[in-house]
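One chain is shown next in structure tokens, namely the form predicted on its own.
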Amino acid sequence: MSEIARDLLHEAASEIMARAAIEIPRDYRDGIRGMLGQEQHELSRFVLEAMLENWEAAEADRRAMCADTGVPRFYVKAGNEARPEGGFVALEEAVRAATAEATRSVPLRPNRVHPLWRTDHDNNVGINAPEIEYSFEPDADWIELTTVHKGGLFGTDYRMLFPADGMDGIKRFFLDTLVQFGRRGLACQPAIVGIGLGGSKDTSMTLGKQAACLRPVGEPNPDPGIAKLEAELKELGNNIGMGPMGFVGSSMVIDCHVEVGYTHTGGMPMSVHCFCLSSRRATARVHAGGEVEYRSDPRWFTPYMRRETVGWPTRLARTA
């Protein structure tokens, strides 16, 4: 079986770093255009129109579309038969090198600093930075690299709910969070809002961030009950009287995505994450034969990712 060349992984990582910083995904743009057709408040309409114009200017000038380019991170989906040259240590070195180079070449703002000493390497690389998360896919020999440039300050909250809180408790925490984010300027609306339900505390946080950053606008959860909850939360979020950037309006939530994990019988942890109007993500699928496919939909949540079984029958595997 052919190895996936380390240089090819580095090249792909560098390319998606630039694409994520400059090019807003088509699904998010289409969602904003749809909101513009429904927004009735003048200031909110002005903000939505300015967003679309800013994105066009950024692409034309090949410059980052927001001055704060967030904190870059990577998601790696590896086919079970994939073999990166030099192993996964070499892959991690490739994406760290691509991050440092993109900080200079795009350029990205060097946001990463030591939490205590505030020292930095001026390249967004350091201890546990950039973060790299992994998932796997059966019956595949490719490696997918996804980079997400997400703001690292605000736009996230967590609460331990309990089974008796039920759907009403979920909706109450969702609304409490969005109202506080809007009033205090802690998120850049309109946002893709990701909800992590269940798992342990850390799993809940991870699922919520992935839900916000790795699912495109307009893609409901395949579970009909969860999809119904997503639609209800989106409607609630757009009817609290806040619009883009906190102005009066009805365009706060461009989409709501919920991901779940089996949890302790006595609890229901919940996290809320806002992926801001700088919806920065890009993916490269690198094949063992040397081909590279670029896209903006990460396709992260495959049936294998959401499996409930102990094993995974080959006949159910999907490599998309």
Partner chain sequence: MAHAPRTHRLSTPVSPGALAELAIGDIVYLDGVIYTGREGLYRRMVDEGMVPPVDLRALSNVNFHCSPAASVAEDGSLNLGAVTATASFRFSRFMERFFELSGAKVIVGKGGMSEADYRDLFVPNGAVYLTTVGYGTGALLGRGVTRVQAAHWLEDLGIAQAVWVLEVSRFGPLLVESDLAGNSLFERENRATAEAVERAYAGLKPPSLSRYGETVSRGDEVL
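From a predicted model like this one, the values you see are computed outputs, not experimental measurements. Residue numbers count along the first chain shown, from 1.
FYI, the form predicted together with its partner chain isn't displayed, but the following is about it.
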**OP:** Tell me, please, which stretch of 191-199, 163-171, 139-147, 208-216 lies within 4.5 angstroms of its partner chain in the predicted complex when heavy atoms are compared?
**Re:** 163-171
**OP:** Counting non-hydrogen atoms within 4.5 angstroms of its partner chain in the predicted complex, say which of I226, A90, A97, L236 makes the cut.
**Re:** L236
Original post:
Does every residue of E133, M268 and E293 put a non-hydrogen atom within 4.5 angstroms of its partner chain in the predicted complex?
Top reply: no
**OP:** Flag R109 as yes or no: does it have a non-hydrogen atom within 4.5 angstroms of any non-hydrogen atom of its partner chain in the predicted complex?
**Re:** yes
Original post:
Should V260 be classed as touching its partner chain in the predicted complex when contacts are defined as heavy atoms within 4.5 Å?
Top reply: no
Original post:
Any of the heavy atoms of G79 lying within 4.5 Å of its partner chain in the predicted complex?
Top reply: no
**OP:** Answer yes if any heavy atom of F247 is within 4.5 Å of a heavy atom of its partner chain in the predicted complex; otherwise answer no.
**Re:** yes
Subject >> Stretch 49-84 - residues with a heavy atom within 4.5 Å of its partner chain in the predicted complex >> reply: A50, M51, E53, N54, A57, A58, A60, D61, R63, A64, M65, C66, A67, D68
**OP:** Indicate closer or farther: the Cα atoms of G185 and V47, in the predicted complex, relative to the displayed form, with a change of 3 Å or more.
**Re:** closer
**OP:** Please say whether the CA atoms of R184 and Y158 come closer or move farther apart in the predicted complex, knowing the change relative to this form is 3 Å or more.
**Re:** farther
